[in-house]
Each structure stands twice: as structure tokens, then as C-alpha cells.
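Below sits a lone chain in C-alpha cells, taken as the form predicted alone.
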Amino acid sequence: MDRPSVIVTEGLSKHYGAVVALDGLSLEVRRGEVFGLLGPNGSGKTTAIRLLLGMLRATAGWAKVDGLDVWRESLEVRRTVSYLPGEIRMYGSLTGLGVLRLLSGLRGGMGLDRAIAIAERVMDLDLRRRVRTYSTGMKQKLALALAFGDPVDTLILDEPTSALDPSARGIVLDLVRQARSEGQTVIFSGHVLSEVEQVADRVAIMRKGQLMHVENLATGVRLRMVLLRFASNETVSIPPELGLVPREANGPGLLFEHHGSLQGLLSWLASAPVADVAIGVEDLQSLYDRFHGPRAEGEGGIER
């Protein structure tokens, strides 16, 4: 991708006394891409988002959105961004339409018609009802309609599919794809890896306030995994130039990461004492488990 960066952070950190919520975050989000933020609670995702919006002041480092300093020019930043927080709070005495009118009014009413259309036609909400009568999922849909209705360049969605049923989750993913097709930049923070994998161009994996890894999903170039079962119990010599790196024993077989050429691997397999072979690519769940699974890799050090 050679598109310009719309969000840039350098050494962005947030400390609460001895507690480190975010530690030295340096990344770039490109214009018009869907960028996934992955990690469990406490990994620093929401802290990073709040820093980008000027809701928190960084302890160290800096960040810019569309060339604007997120702290000194936070009001200008928020004019270019639509933010869906992870926890929704709404005025229960207002109708759904009243909430949309109130919050759209903060932008001069721009986007109201689109928000109403998404709420009624896409989310199937009755906007005449008072919000206090809405279920948690219905409130989430109303907030999503407002976020996607805003005429902004960047959407920041913190856990947008939480509290939604499967069909509604699919609608949200379709809206994310549509936003990207219209040139908007989307930051999508989530726990459901399969959803992020469906829509994200790149993903960042966070752990204990640190950025551990950035993966490019758009290129389709993924780590090749090779499962081998040899024909005998004898030790088989594997030429180092094949680029086979042992990952783990898997029953009677051995699982390898393959970093070499496919042609070289296939030529070797044709003459090696191999009883069975399976070749695949690492999915996002496997990649995520490298940093958060039972055999998670050690602290620190970003992989790109």
C-alpha cells in the first residue's frame, strides 16, 4: 500500500502511577484502510483510542490524526472522526429519533438523514420508541447508525458488534466494507477474530499495553505451515535451505513454519521418507495465540 497515513503515533504511552496502560505505541494507519486492534481487556486498545481522541493526555510520545496533534488540536481531531465507545450511554427519556437529532446536531445536523436511514432500513429500529425501552442490542444499533451516518473521514469503532445477534453482526461488517469503499478509514477494535479477519486490511495485536505484532491481511501472504509425518522413527535430516522451522509436535507428526520457497519444499518432499503431509497457512486465530494462547511468546518486541 502506498496510501498516505491518516493516523500516526510515536512512542505513545500512558501511565497511571506505577501502572502502565500503554507503553511506547508506534504505528501508522493508512487512509482508506480497515485497521483491526486485537487484544484482551487490559491490553491497551481503549487507552490508545482515547489518546487518539484527546480524551486522555499522553505520559510520553505523540500522535496525530490527519496531521492534527491529538492533544493540542483535539477539537479539530474530533470533527474528522466518528467514535463508537465500547460502553454506550444514552438519554433514556428521548426517542431513538430524538437521540439521533440531538447528537447529529453537534455536527450541524449533517448526517442525520443517513443515520435515520441506517437505523430504520438497515437496523430495523422503531425510532418512535423511547430509548429506555430499547434492549442493549437495540441501543448498540442506534449508536452504530449514528457513527456510520456521520460525514467524517475516520471511524473509530470500539467493540462495535458487542451485544449484537449474528445477523446484526453481519450488517455491521457490511457497513464497515461500505465505509472503506467510500474512502473512509476505519479502526475496528474487537474480540471476535473471525469478524476482524473478514474486514481488516491490517491488524495490530496488543498485549499488556504493548504492540506485539502488525499483520497485513490484505496481501494474502500468510505464514505457511507444514505438518509432516515421517515413514519411520529414524531421524530425518532436513536441509536448512528449505526454511523449515520446528513449531511443535502434533501427535505422530511435526508442525513446521515454512519460510523458504514452495518449489524447493515440494522437490525435497518428493524424495524424503514422508508418510503424510499437510500444507496450509496460519490463520488469524493461530497468529493471535502466539501472543495470547497457552504457549504465548515472551514479552516485548514488536514483530512486523
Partner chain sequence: MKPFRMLVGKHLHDTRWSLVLSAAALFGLGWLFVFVTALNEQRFLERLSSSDQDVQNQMRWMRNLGVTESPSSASLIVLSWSHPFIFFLISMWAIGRGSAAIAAEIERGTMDLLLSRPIGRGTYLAAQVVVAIAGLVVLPGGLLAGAAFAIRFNTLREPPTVAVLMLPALNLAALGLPIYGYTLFASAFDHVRWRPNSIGAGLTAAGFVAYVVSIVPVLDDWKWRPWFERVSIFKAYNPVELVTTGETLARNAAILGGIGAGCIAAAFVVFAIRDLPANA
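Positions refer to the first chain, counted from 1. Just so you know, these numbers come straight off a predicted model, no measurement behind them.
Separately, the form predicted in complex with its partner chain exists; it is not shown, and the next lines address it.
Per the 4.5 Å heavy atom criterion, its partner chain in the predicted complex is contacted by stretch 94-102, the sole one of 165-173, 94-102, 190-198, 207-215. In the predicted complex, its partner chain stays beyond 4.5 Å of every heavy atom belonging to Val203. Contact annotation: Gly54 falls within 4.5 Å of its partner chain in the predicted complex, judged by heavy atom distances. The shortest heavy atom separation between Tyr83 and its partner chain in the predicted complex is within 4.5 Å. Though the partner is left out of this view, Ala231 does not reach within 4.5 Å of its partner chain in the predicted complex, counting heavy atoms only. Proximity to its partner chain in the predicted complex, defined as a heavy atom within 4.5 Å, holds among Arg177, Arg224, Arg129, Arg107 only for Arg107. Taking a 4.5 Å heavy atom cutoff to its partner chain in the predicted complex, the contacting residues in 9-27 are Lys14, Tyr16.
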